[in-house]
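Below, in structure tokens: the form predicted alone, a single chain.
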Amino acid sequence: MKKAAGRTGTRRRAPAKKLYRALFNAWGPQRWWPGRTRLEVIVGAVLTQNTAWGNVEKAIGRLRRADALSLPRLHALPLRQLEGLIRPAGYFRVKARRLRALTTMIVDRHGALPALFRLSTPDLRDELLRVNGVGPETADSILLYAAGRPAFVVDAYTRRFMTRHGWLAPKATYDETARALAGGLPRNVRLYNEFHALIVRLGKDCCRPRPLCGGCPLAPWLPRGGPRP
């Protein structure tokens, strides 16, 4: 009798170490996430929701020129002015409210970033997830790139290539996706950082909405018949 598939619907385990090695050998270090300070990383993690990183860079540049990239100044900035500064990132009214909710949590509950980052990783993640507009991907981006914690970031690119290779069911949850891939890796901040950046490149260069499998570093692992929808 065949064993029932798990909730993730995976028929085989993703060979995470081999996948990472194939991507790294093909493209080398990506030196990502771009951000001069931990606060910039936090701001970028919110602004990058539903937009391209180039738009985020424009918004962060405007915040920098307005001398608003310190926690006290960003928190004190009138909401209407904050909306105008981050306008290039799109959904600027929603994102301004999310940034304000995030800075309010930090200032009111912890006073400053160092105190926030003294929390344990589970407590820090829970604290971030309680903020309106901060979901698992945004929280894990802050954990990994700002706090230096081993949190594996799952984005649309991750789900896409995992599903197309038959390692993940289309309706798998965020945490199921993270476990399906990160479960085969050591918990290492630099590794998670680099792997996520390489997956982003994979999604942009090869595993697009219409896939370009020729020359893809992960082509040897495609299921028979090509990528799944």
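Here the structure is a predicted model, which is why all the values come from computation and not from measurement. The first residue of the sequence shown is number 1, and the count goes up from there.
Below, we refer to the form predicted together with the DNA, which is not included among the displayed structures.
_Contact stretch among 70-78, 128-136, 102-110, 115-123 - heavy atom within 4.5 Å of the DNA in the predicted complex_ = Stretch with heavy atoms near the partner: 128-136.
_Please determine whether each residue of T48, V94 and A156 possesses a non-hydrogen atom within 4.5 angstroms of the DNA in the predicted complex._
Every residue of the candidate spot has a heavy atom within 4.5 Å of the DNA in the predicted complex.
*Any of the heavy atoms of V200 lying within 4.5 Å of the DNA in the predicted complex?*
Yes, V200 is a contact residue.
*Give a yes/no on whether R190 approaches the DNA to within 4.5 Å in the predicted complex, heavy atoms considered.*
No - in the predicted complex, heavy atoms of R190 and the DNA never come within 4.5 Å of each other.
*Tell me, yes or no, whether P150 is in contact with the DNA in the predicted complex, where a contact means a heavy atom of each within 4.5 Å.*
It does not: once the DNA is placed as it appears in the predicted complex, P150 has no heavy atom within 4.5 Å of it.
_Does any part of P220 reach within 4.5 Å of the DNA in the predicted complex? Heavy atoms only, please._
No, no contact at 4.5 Å.
*So which residues in 51-76, when you check the DNA in the predicted complex, have a heavy atom no farther than 4.5 Å from it?*
Going through 51-76 in order - heavy atoms within 4.5 Å of the DNA in the predicted complex - the hits are T51, A52, W53, N55, K58.
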